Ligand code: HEC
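Before any questions on how it binds or moves, here is one chain, the form predicted alone, in C-alpha cells.
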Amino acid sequence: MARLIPLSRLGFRYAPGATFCSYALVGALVLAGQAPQVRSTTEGVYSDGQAGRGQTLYKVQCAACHGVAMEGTSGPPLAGDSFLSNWSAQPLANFVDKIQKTMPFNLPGSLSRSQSTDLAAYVLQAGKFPAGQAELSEAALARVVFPVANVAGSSLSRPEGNLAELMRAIAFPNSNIIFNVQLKDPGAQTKKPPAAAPFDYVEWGSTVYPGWLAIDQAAVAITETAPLLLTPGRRCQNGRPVPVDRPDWKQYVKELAEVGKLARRASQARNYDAFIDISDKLNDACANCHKVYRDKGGTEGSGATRCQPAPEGK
C-alpha cells in the first residue's frame, strides 16, 4: 500500500518552477497560434435555431419573472443597459452558470446545461446580438465574453449584490438577533461547547461570541451597513434602481441607523429590559420602508412594482 507523503518545504520550493513551466507552455502555444481565441458576443456566436429553442423555453420558464420582452418584472431585465452593465466583459459561461444553477427562481437547478445554453442564445438574440452559422457550444462558452459596457456616473465599482441580497445578507439576520432579545436574555445564556466532529464552521462560530457579544455585533452591523442602502448604482431584485436620491428613502435609512445605535448603547449597558422598546423601534423602521417600497410588490418572487413608489408629494 502506497504511503501518503506530506507536502514539504521542498515541494513548495519547486512549485514556482512548475508554474513557470506552465506559463512557458502557454507562451509556446500562443506563438504557435494554438491559443484559444476570445470572441465577443457581437461576433455571431449562436445560431437562429438554437435561439428558437431558447425562446420556447423562455416562454415557459422565464417570462413570468423577467417579462415577455425581457423588460423585467419580479426578476431583473435580461436586455438593455442595466443587463449589459451587470455582465460587462464577463465570460458567457458565467451567465449560463447563473441560469443553470439558480433559475428558475422557484425551482433552481432544474434546467439542463444545454437548455441553459439555448436560453443564453435567445437572450443574445433578444439583445440584438447577431446570430452566426454554428450553435453556441460548451467548449466555446469560456471563450465568448460580453462587450465592455460604458457605465456613466460614479467611478466607484458597482455594487456586488442587489437590494434583496444585501438585506438578506446583513439586515435580516442581524435584525433577528436583536428581535430575539425579547425572548431570551443574552446574559442568562450558557456558553456552548465547541462544535464536535464533523466540524461545522457555522456551528463553531456561534460558540465564539455568545450572549451579549452577539447583540453588540448585530447592532454594529445594522448601524454601519445602513449606508450601503444608499450606494449609487444598486438595483432592486426586479432590476429597478434603488431610489437612493428620494428624501423618504434617505429618511428610512437614517431611522434604521439610529435604531442600530440605540441597540448598541443598550447592549453595551447590558440593559435587557430596553430591548422591548428597541425591538418595536426596529420593527417600525423596517415596516415603514417596506410599506412603501416592498410590500406592495407582493410575496417573494412577485415584486414587479417594488422600488417603484408613488410620485413624490402624493
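Residue numbers here begin at 1 and follow the sequence given. Only a predicted model underlies this, so the values are computations on that prediction, with no experimental measurement involved.
Absent from the display: the form predicted in complex with this ligand. The rest refers to it.
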| property | result |
| --- | --- |
| Joint contact, Asn162, Ser175 and Tyr293 to this ligand in the model of the complex, by non-hydrogen atom at 4.5 Å | yes |
| Partner contact for Val253 in the model of the complex: this ligand, 4.5 angstroms, heavy atom | yes |
| Contact of Thr207 with this ligand in the model of the complex (heavy atom, 4.5 Å) | no |
| Distance check, Pro104 to this ligand in the model of the complex, heavy atom within 4.5 Å | yes |
| Interface membership of Gln237, this ligand in the model of the complex, 4.5 Å heavy atom rule | yes |
| Location of this ligand contact in the model of the complex, chosen stretch of 180-188, 80-88, 137-145, 207-215 [non-hydrogen atom, 4.5 Å] | 80-88 |
| Within 108-140, the residues that have a heavy atom no more than 4.5 Å from this ligand in the model of the complex | Leu111, Leu119 |
